Ligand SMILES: N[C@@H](CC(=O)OP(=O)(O)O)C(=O)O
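Coming up is one lone chain in structure tokens, specifically the form predicted on its own.
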Amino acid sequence: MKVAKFGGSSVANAEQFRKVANIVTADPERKFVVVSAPGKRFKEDTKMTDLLILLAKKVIEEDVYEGVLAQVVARYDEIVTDLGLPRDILDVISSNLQQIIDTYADQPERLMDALKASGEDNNAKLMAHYLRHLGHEAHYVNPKDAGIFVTDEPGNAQILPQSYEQIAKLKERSGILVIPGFFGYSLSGHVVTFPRGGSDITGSIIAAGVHATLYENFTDVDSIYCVNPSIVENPCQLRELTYREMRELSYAGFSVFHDEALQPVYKLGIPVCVKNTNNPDAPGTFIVATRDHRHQPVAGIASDTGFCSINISKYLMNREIGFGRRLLQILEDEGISYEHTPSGIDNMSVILREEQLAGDVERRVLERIEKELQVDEVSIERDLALIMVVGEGMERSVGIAAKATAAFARANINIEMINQGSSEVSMMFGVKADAVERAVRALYEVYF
């Protein structure tokens, strides 16, 4: 059995629906289908999820929302009309949206989650409807009926372990099962979404629950590239990646696969194949437990911007028991998560997303660090980009780091920070944001 997940670009309009139906019905092993909300139909288009977020904001702010609601329904109307489906499905979708608004109008977090989730939910209903229209046995399965129970953290749900026993029962059902991605249900019965892009997570959860032989993740590229193709023209395509390599690359900016989606399949060793809905015959990229990295120790280079560094100096910091814990407690009190904490004997830096220091947060954090930790200096360095060089073969290859630093020197790029984990699966470099593309191209030249 295979689980096939289709991203937003794969279900953006009627033409894409037809491609998905052909892919699913071409292989009888594709029993489980997970769909996203409709994505962009063209470059300037708005994703369905963004429309739904706007709709929720209008309702929360008690603004006129009917126009946005009409835009949402119109997107589904276009798909229904172009596929020649009976129009009664539109009534189901419209009433569902209005019911969500009426139910949660005075509960902003619940409203936002329920409306965001409706994009996937209604698209799954449409996909099942279309497959039946073509003469196939297909069933829409609500995540609650599928057994996807999650923690009650709006926008940040985590799967509950007891879910997998319920999900396994899906194997007993007949026909093609179409399941909406991106959300589950709390034990109290509320819709709760995964982080944005979480349909990948749903697909992985279903694959693990039914012990699938393969989890296929369909998107709009033939494979995963070793570097962002908007930075490097015609980069190398990757045929294989390990789970650990994909996890590191996803975290560091590869948007093709959600960084939290690997955990369920990783534990069971279920392979993942990233494929192209628009070119399904292309082999794609397999994500597996191990690969032969003798000829290519570096798997990929990823980058992301929007970081800053809180830099702290204090003489004899290394002798002060509990210093790091107290520093991180200040961040925790402000609800700030951090990315990395490189340190020396008398200094320590905390790398974090710059957006987390918005408003009055920055002043409070700096004041608390000065007062409670009695530091000699504290400063913030802004406009940082992080670049990750990833590959499980790096551990046994001499000169990998030397190649990187030499490449930066040739490109006249100053390195603001270097960090390498004990696993040696990745090396991280901090550079100024305006130099990140030059830095990535320099690394690509030496590794690929």
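Computed from a predicted model, the values in this text were never measured in an experiment. The first residue of the shown sequence is 1; numbering continues from there.
Not on display, but discussed next: the form predicted in complex with this ligand.
| query | Hey, in the model of the complex, does Gly209 get a heavy atom within 4.5 angstroms of this ligand? | reply | Residue-level check for Gly209: no, no contact with this ligand.
| query | Can any non-hydrogen atom of Ser118 be found within 4.5 angstroms of this ligand in the model of the complex? | reply | Ser118 lies outside the contact set for this ligand.
| query | With the partner left out of view, is Ala37 within 4.5 angstroms of this ligand in the model of the complex by any non-hydrogen atom? | reply | Contact check for Ala37: yes, within 4.5 Å of this ligand in the model of the complex.
| query | Should Gly198 be classed as touching this ligand in the model of the complex when contacts are defined as heavy atoms within 4.5 Å? | reply | Yes, Gly198 is a contact residue.
| query | Which of 376-384, 58-66, 394-402, 44-52 has heavy atoms within 4.5 Å of this ligand in the model of the complex? | reply | Result for this chain: 44-52.
| said: With the partner left out here, which residues of 1-28 have a non-hydrogen atom within 4.5 Å of this ligand in the model of the complex? | reply: Sequence-ordered list: Lys5, Gly7, Gly8.
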